[in-house]
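A single chain comes next, written as structure tokens; it is the form predicted alone.
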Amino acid sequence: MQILDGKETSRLIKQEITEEIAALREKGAKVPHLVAVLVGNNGASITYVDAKVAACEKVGMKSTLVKLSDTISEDELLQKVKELNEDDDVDGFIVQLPLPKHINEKKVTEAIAPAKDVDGFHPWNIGKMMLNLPTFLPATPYGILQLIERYNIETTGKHCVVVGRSSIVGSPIANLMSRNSYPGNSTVTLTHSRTVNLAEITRTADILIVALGKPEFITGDMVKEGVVIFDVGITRKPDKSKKSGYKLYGDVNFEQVKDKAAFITPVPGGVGPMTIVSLLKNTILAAKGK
């Protein structure tokens, strides 16, 4: 078994980004500017946004955090999105999900200008991805692709099973793994909560990508020898023995599958760090596009 070390890989990519931004500064060019919009006080969202802002600072990228109350109206949030769309100093921005229940997430996502949609969630960018045209790829699938490339994992002709069909991870990574390029050229099976005999399907996977949000859902009897596993899930559970007061769990039971897997991402330190560097790379792409 080899660990797919997202923490170390992201560190190397951040160094490359740092050098690229330093070169822009030397030329007197504009430094890419990422804005993160945080609505409310969701603990996980705060952690994610803080990590994104810290990553920007580390590589020398400009970042701004916009904190808004969870009582903000949908119209007020849409007005803030409009302001960011029209601000020439902002190259890309994200509105951290989930949003309060009284706000329509789809309406907010569609209000973001496609050229600044560095999360890659806008229907315009999803459509371009489906057609294999240059665009912003959703950050988590993009992070998985970069791990595949950095570890030289063979994907051509492999059976890739994706567990979870969300528009953020499952559906886009299924599309990307089937495209006619590398990483890609896999035969993809997209499974979900209504799939019958799921374990029979996951046992046929050469590459297994799990994005369910159900801790330790994939057990040792659900995978075959030599499988490559990408565990996207991350769930917090209270744990008094931890300094943080909680422990993080993936969607895969690591201890049960580790001896069968050829490659596997840990939780934490696997896909998560790669998601953040993908966001940075998308922001640079947005700045270049302007």
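Bear in mind the structure is a predicted one, so any value in this text is a computation, not a measurement. Residue numbers run from 1 along the displayed sequence.
Missing here is the form predicted in complex with a small molecule; even so, the following discussion is about that form.
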Legend entry - Listed residue that, although the small molecule is not shown, lies within 4.5 Å of it in the predicted bound form (heavy atoms), from Q96, S186, T135, N175: Q96
Legend entry - H33: touches the small molecule in the predicted bound form, heavy atom cutoff 4.5 angstroms: no
Legend entry - D91: touches the small molecule in the predicted bound form, heavy atom cutoff 4.5 angstroms: no
Legend entry - Any non-hydrogen atom of K260 within 4.5 angstroms of the small molecule in the predicted bound form: no
Inset, instruction - State yes or no: in the predicted bound form, is some non-hydrogen atom of K52 no more than 4.5 angstroms from a non-hydrogen atom of the small molecule? - result: yes
Inset, instruction - Choose from 187 to 195, 117 to 125, 203 to 211, 68 to 76 the stretch whose residues reach within 4.5 Å of the small molecule in the predicted bound form, heavy atoms counted. - result: 117 to 125
